[in-house]
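Shown here is one chain on its own, the form predicted alone, set out as structure tokens.
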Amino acid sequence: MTDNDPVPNSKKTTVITAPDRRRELLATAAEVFAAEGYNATTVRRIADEAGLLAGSLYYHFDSKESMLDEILSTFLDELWAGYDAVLAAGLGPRETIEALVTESFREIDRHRPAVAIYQRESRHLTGRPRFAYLAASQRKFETVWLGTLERGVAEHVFRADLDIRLTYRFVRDTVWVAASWYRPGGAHSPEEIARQYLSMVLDGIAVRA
């Protein structure tokens, strides 16, 4: 056998790096938090689901709160990267709403458990200094959506009699509630769901010809 000959009966192995393992553990924790609630979830429960001893989890994270923080901040960072790209594109108000809704459904596809956690836990978490960014993100979110709707009314793209705040709440709630039923890999892509959703919503608020 030479140095270049294959080793008999050798098997390829997949090396799981520390960052990969960390992402896997966060994904597991997110699923458990979303299903059982943050307060009801113990470190032992997450470790059991991940196939680890509870103490082994502390090799990657110093606390359950750290895991939650990383899950939520990662989701919001990606959401705002997508939103900021939409806002920088200089689109008209209708096109901006379309793009924001589409980006929202893409984020639900990427981070469905995180969205569910955000909806369930953010009200209770905003009082903690570590999670102050949740309230700041919510204020920014409201400013973006209300501003776009107001611009649409001012430019005669949306009806003059539109109740801006009520419309914002309707669009916000009906988009993000999709996290309760959406499952990645289903019959419809996030973009197709967004298209169907927008066809229903915008026909109700666009200026009638």
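Heads up: residue numbers just count along the shown sequence, starting at 1. What you are looking at is a predicted structure, and each value in this text was computed from that prediction instead of being measured.
Just so it is clear, the following notes concern the form predicted in complex with a further copy of the same chain, a form of the same protein that is not shown.
Annotated contact segment (heavy atom within 4.5 Å of a further copy of the same chain in the model of the complex): 173-181, selected among 65-73, 136-144, 173-181, 25-33. Looking at Val43, you'd find every heavy atom of it more than 4.5 angstroms from a further copy of the same chain in the model of the complex. Mapping the unseen interface onto this chain, Arg151 falls outside it, with no heavy atom inside 4.5 Å of a further copy of the same chain in the model of the complex. For the chain shown alone, His124 is a contact residue for a further copy of the same chain in the model of the complex, at least one non-hydrogen atom being within 4.5 angstroms. a further copy of the same chain in the model of the complex is not approached by Asp48, whose heavy atoms all lie more than 4.5 angstroms from it. Residues Leu149, His156, Val157, Phe158, Arg159 are the ones in 142-159 with at least one heavy atom within 4.5 Å of a further copy of the same chain in the model of the complex, listed in sequence order.
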